[in-house]
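You are given structure tokens for the same protein chain in two forms, set apart as structure 1 and structure 2.
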Structure 1
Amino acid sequence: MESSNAASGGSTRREATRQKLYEAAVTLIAEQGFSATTVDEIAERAGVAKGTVYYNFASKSVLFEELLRHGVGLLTASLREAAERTARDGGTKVDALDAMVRAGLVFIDRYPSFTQLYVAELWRTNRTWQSTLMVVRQQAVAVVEGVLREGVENGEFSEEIDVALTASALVGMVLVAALDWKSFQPERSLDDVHSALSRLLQGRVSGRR
């Protein structure tokens, strides 16, 4: 029992260390770029020895790749939880999508540096972690695709919609709108931004009743 507890404690400490390294890396890389950021700077920002970085990650590239997995994994989990919570409450698939839009905004509000970095990396195709980025991106989009497909199956959405493209468009809408909010309209509240995207999602922008 003691050895089990010790192993559990060691695992918890390692995860806490990795979290500090993720936070240090994402802040530095968002500020000055991947190439300009050194392992020494990451270690110093995280408050650990340089050797600790290499103990947890084989290289700076591996650290960044795991950072992408970790960050997009958190986003995916928050989207999934929003959809599942709406289903438990008896909401519609439109309600689920709306809840996912809000969950995405909450995530971006909490992790703006990661979101900035993630969107920037989507446009780069010469990175060693490109395949990983595409995999984790698809995991997040797949959650939205699932809700759309269920909506088509139950008749809530038209059978003519392109599920994959619509899901990508919804995720992209949240990312771009949130970055614009954070960069150019920081005085607006999360509720205000969500309300604007909600009206767009529900087709209430034309003024027709």
Structure 2
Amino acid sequence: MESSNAASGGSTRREATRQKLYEAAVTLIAEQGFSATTVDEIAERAGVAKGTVYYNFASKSVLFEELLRHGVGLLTASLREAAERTARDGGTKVDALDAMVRAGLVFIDRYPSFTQLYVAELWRTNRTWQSTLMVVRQQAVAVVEGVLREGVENGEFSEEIDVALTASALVGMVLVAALDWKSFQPERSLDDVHSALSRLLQGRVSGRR
């Protein structure tokens, strides 16, 4: 168990099957919800036998939990990368936030189903994967909070801002705007959406032109 053959980073046959199962599960669960999605459906869409699902995952819940971990991991890495890149290029903290907004949009553009499913589960209670969700959420939000905190320290942001709440609000702004974009105006370009959010972020809303 825990064989971890090939240090190359995940290209065993098993890994490929798991990936197919993730992809099948993510769209189905985003559309229908976890409980309404059957294991038979997931297997069928992945082009795999039902037994294979259980050979690769202990249960339906476990499959879902690992899917959550996997997806949020990608997002967190992407946010972190955006923040670090901006810092390296000598940008301000506002620039960093803006870069993270873009990174968020790119992520949602690429994985809309995952985002949808994540939002649907995030504030639920009494579910088995609740603790997993809590952990990964915190990892992602912490990146935003970190930038805000550094901005307060270097005087770029007011000392009176509430870091945790402001981070939530910023995440919400991007999340909802992006989900609405994808759901109701999918033809718009990412740049377009990004510039609208940038304007809001930088308070260039009030006042004439």
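FYI, numbering is relative to structure 1, first residue = 1. The shown structure was predicted, so the numbers you read here are calculated from the model rather than taken from an experiment. The term rigid core refers to the most C-alpha atoms you can superpose between the two forms while keeping them within 1.5 Å.
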Index of the chain form predicted together with the DNA, chosen from the pair: 2
Threshold 2 Å Cα movement between structures 1 and 2 for residue 152, core superposed: no
Threshold 2 Å Cα movement between structures 1 and 2 for residue 62, core superposed: no
Did residue 198 shift 2 Å or more between structures 1 and 2, C-alpha, core superposed: no
